[in-house]
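Okay, here we've got a single chain as structure tokens, the form predicted alone, with questions on binding and movement later.
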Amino acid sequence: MTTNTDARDQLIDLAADFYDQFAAGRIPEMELPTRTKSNIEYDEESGVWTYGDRTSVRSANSVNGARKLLKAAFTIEFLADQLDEDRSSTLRELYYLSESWDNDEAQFNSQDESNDLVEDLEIVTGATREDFHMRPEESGAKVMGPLRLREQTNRGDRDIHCQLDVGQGGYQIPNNPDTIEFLENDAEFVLCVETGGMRDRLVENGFDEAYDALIVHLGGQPARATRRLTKRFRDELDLPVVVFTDGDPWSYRIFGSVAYGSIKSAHLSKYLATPEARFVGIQPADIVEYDLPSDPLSDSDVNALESELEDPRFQTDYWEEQIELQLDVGKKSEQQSLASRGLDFVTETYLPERLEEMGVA
């Protein structure tokens, strides 16, 4: 794990590089991978999305470029001081804090601008925003299952069992999951669940206890911390990871972000993505087999499905068959549509049969 000193040194080295360019009589610049969809490549070997070879230069040879480097310098100073003091802040706070800086040109015009700059600093330094002690607003993602862990907090270490020491809400995933040490694991697999309603159903029905499952609530498009912890479950505990979402193209992309990474965080794919993850459902085949309550596909749904047929992440026999079937039947269904067969159907029939079919449980 990167220490405060390591992260601070990486930031100071970047600032020193700006200074050295000035001292040598050169116009300061900062080179970055071009962060566009056209420069994202699917790495067949690692099974994740990464940046390609194209680069862009932030240069002070224009007013706009100089302003960006000025904002980077002020941000580096703030982050270095924050690490010195062993404090943290949110991405939102950074945006507002810039209003107190003594140079109006260094202030951010929007939070998107400050967020993008933090990502630039991640790419250039090789550290992560978590290493800088920067955090997003809480995602609310939780874990429930037979795992004892130790979490480092600013109030000391805490040993927590993710069933016995928590209520039905579960253990809340911290902003930086690398502060967690796994102490004792009795889980057989990890089940990532898209919606809060389905997560609550599984916990109320005791699925985590009956099947020794670690239930991870994704909360829609999963936060980085959720994806990082899921990857650690796979890599360090050697647990199979399966993903359970709604049956629509947007939810398939949630699976894709867990398994292969996202375009926005392509510089961290090897840190966040779990290419061994597999999809449980809701499958289009399930909609047909169980005659699930459904809604018709919208035009945007159809376009998204057709786009996924061209997406390297979904170019397998399994996904091509499922997507073609969904386009044919013209329907989509939510996870909770399984309740049409009773509240216990998902935990007594659907998941046990599907997981057995996949060789997981």
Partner chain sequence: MTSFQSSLGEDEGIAEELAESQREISIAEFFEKNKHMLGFDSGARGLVTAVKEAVDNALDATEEAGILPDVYVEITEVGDYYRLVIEDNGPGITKEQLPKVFGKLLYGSRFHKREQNRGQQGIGISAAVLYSQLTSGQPARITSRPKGQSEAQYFELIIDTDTNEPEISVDETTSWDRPHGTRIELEMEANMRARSQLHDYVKHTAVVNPHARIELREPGLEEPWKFERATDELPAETEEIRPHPHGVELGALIKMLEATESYSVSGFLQEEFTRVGKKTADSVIDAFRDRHFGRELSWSPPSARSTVAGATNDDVADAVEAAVANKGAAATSAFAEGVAETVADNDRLSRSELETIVGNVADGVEDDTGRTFGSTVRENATAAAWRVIAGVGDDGAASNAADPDDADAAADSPIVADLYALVDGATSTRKDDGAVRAMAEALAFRIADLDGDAFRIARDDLDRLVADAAGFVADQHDATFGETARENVAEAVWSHARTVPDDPPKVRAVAGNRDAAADLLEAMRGTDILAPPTDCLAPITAELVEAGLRKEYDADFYAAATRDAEVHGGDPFIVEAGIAYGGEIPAEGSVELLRFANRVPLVYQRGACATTDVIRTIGWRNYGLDQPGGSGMPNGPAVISIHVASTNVPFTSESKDAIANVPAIEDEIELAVREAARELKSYLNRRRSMQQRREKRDVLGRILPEMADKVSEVTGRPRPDIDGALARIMNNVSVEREREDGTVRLVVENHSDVNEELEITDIVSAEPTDLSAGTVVDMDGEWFVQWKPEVASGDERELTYSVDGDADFEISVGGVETEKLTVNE
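Residue numbers count along the first chain shown, from 1. Being a predicted model, the structure only gives us computed values, none of them experimental.
The same protein also has a form predicted together with its partner chain, omitted here; what follows describes it.
Using a 4.5 angstroms threshold between heavy atoms, residue 66 counts as touching its partner chain in the predicted bound form.
Among residues of the shown chain, residue 20 is one whose heavy atoms approach its partner chain to within 4.5 Å in the predicted bound form. Using a 4.5 angstroms limit between non-hydrogen atoms, residue 15 touches its partner chain in the predicted bound form. Using a 4.5 angstroms limit between non-hydrogen atoms, residue 70 touches its partner chain in the predicted bound form. Comparing 290 to 298, 313 to 321, 326 to 334, 24 to 32 against its partner chain in the predicted bound form, the single stretch with non-hydrogen atoms within 4.5 angstroms of it is 24 to 32. Taking a 4.5 Å heavy atom cutoff to its partner chain in the predicted bound form, the contact residue among 103, 179, 221, 111 is 103. With the partner omitted from this view, the residue of 95, 189, 74, 279 that lies near its partner chain in the predicted bound form is 74 [heavy atom within 4.5 Å].
Of the residues in 45 to 60, those that come within 4.5 Å of its partner chain in the predicted bound form through at least one heavy atom are, in sequence order, 54, 56, 60.
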